[in-house]
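Only one chain comes next, encoded as structure tokens, the form predicted alone.
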């Protein structure tokens, strides 16, 4: 497998930040996801070769953390927190509404590759429960109706960049705290938005 020139350059720059190349394993897994849409066997082998680990060692890291998706993932990954605070404030109903609007069951991806839906463990927004993430961009205080409206908007608008501030303004409610200055960069796919990895981009 050969990564694109841009991904190769990013990988080299990331590895150069660490005294031991193995420390770059997790960032490079995000690069591999960005390159292929999700983590593939080839992608994990590429990471292993670059950091001096075996493919099995890299796979053990990828299989431990839920943010490394090893199956086909939709353009918009909708994660509904169902931990205790969110659950008590109606997260199960939000998840059901999201599944109904998208036609995608918890843990699945639609045939068109537009939506993946999942329940998530605590995402650190208990004060703004129920909390939802789209491509790991946060929206707090989401009701079932707002969850449906959010998914309908994603389907119709097809934003290239997903911005937490924009979604919060359009579909959110009670926040856990004031977020501070608005962020102009958001996620470009179903992985966290990090500029050095090429997974973040200016929106609007």
Partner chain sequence: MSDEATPGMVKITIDGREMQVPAGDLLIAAAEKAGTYIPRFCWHSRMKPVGLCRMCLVEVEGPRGTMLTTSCTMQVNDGMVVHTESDVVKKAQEGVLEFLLINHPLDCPVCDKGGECPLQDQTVSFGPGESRFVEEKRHFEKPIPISDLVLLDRERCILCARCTRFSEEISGDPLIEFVERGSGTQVLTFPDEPFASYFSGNTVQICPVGALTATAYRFRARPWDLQAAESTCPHCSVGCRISVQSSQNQVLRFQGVDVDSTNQGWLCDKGRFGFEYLNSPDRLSTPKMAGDDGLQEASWIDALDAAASGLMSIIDEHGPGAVAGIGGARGTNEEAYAFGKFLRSVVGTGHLDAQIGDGLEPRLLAAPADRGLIGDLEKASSILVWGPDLKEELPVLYLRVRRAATELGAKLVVAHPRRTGLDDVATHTLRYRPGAGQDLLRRLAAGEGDAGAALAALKEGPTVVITGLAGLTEGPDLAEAVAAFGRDLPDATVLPVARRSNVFGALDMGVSPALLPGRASAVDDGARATLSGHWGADVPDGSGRDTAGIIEGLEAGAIRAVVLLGADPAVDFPDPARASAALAGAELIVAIDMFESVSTSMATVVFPALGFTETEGTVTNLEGRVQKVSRLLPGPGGARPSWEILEDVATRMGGSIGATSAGVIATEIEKVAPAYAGATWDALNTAFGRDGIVVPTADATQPIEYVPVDRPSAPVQRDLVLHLARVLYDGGTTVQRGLSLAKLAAEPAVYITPQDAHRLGVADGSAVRLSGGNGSAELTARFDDSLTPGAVYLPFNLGISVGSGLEVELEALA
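Model, not experiment: these values are computed from the prediction. Residue numbers count along the first chain shown, from 1.
One more form of this protein, predicted in complex with the partner chain, exists but is not displayed; see below.
Proximity of residue 56 to the partner chain in the model of the complex falls within the 4.5 Å heavy atom cutoff. Using a 4.5 angstroms limit between non-hydrogen atoms, residue 151 is distant from the partner chain in the model of the complex. In the model of the complex, residue 167 stays away from the partner chain, with no heavy atom inside 4.5 Å. When contacts are judged by a 4.5 Å heavy atom cut-off, residue 160 does not count as touching the partner chain in the model of the complex. Taking the partner chain as positioned in the model of the complex, the residues of 53-76 that bring a heavy atom within 4.5 Å of it are, in sequence order, 54, 55, 56, 57, 59, 60, 63, 64, 65, 66, 70.
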